[in-house]
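Each of two forms of one protein chain follows alone as structure tokens, named structure 1 and structure 2.
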Structure 1
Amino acid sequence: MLSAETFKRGLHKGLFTLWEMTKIVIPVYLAVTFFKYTPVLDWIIKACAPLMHLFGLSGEAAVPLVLGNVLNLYAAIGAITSLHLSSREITILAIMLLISHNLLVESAVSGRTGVNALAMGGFRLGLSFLCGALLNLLL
């Protein structure tokens, strides 16, 4: 049974966790939103385009991949719908983004739990690339 003391303790811990995550999430989203309106994201996309061929993707597929990794899956979905990608390309992108989406925020949150944020982000990105290359060979 839920006592008043248990409810109070749970509410306090929940609000504390919300505050800790808010201190991470909001500054990261503000920074990324700022970079979205500068040429920085365009430079990243152009730099990633040759890499896309390793995954059997067109150069324009770098747009949703970068947006999904830097912003979130919703930005990637919006970019995918505006591009003319085959179902094969969308499948490869989807698997890659399911592994490595929202890298900045999730790595920062992982860092707050004691995990090395840079190592976790690198691991997720590396695994995403490996799965993308394997899917390119299989499909």
Structure 2
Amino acid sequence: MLSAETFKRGLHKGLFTLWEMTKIVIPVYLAVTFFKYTPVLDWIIKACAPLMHLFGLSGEAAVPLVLGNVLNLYAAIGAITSLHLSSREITILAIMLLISHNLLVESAVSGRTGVNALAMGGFRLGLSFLCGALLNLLL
């Protein structure tokens, strides 16, 4: 049954998650914004451009892609908001990141359910690359 307790719990969880997200999103956002003002981001963009081109993404999209897969979606979101990507790029990036993210943690969790953790992580990364390339052709 619904009660005032329901809303209190929802609000509490919302604020708690917001705080957890802020602790990750803001530092990543600040770091990426900082590197935008230095030559470092340009180096990364140039190095990643050929691979990102496969997905119809600009080189800078490599930053949220790597952060999202190694860390988590919140880190990827922090990076995305600092960069200037088109809505087409954001859609492709979103599909890729929603399929594979937080791989170190989530693969370990999947491993605990009885499937091979490494295979699951590799599979998700491969699937995300495949879908990125496919969307690039379709959109």
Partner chain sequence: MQWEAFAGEALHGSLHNIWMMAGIIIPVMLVLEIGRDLHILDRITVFVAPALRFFGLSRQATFPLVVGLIFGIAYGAGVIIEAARSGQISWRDLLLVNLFLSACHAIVEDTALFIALGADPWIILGGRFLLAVVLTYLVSRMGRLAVRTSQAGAKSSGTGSPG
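Here, a residue number simply tells you its place in the sequence of structure 1, counted from 1. We call the rigid core the largest set of C-alpha positions that still match within 1.5 Å between the two forms. These numbers were taken from a predicted model, which means no experiment stands behind them.
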item	value
Of structures 1 and 2, the form predicted in complex with the partner chain	2
CA of S82, rigid core aligned, shift of 2 Å or more between structure 1 and structure 2	no
G10 C-alpha relocation of at least 2 Å between structure 1 and structure 2, rigid core basis	yes
Threshold 2 Å Cα movement between structure 1 and structure 2 for T91, core superposed	no
Angstrom shift of the Cα atom of W19 between structure 1 and structure 2 (superposition on rigid core)	22.5
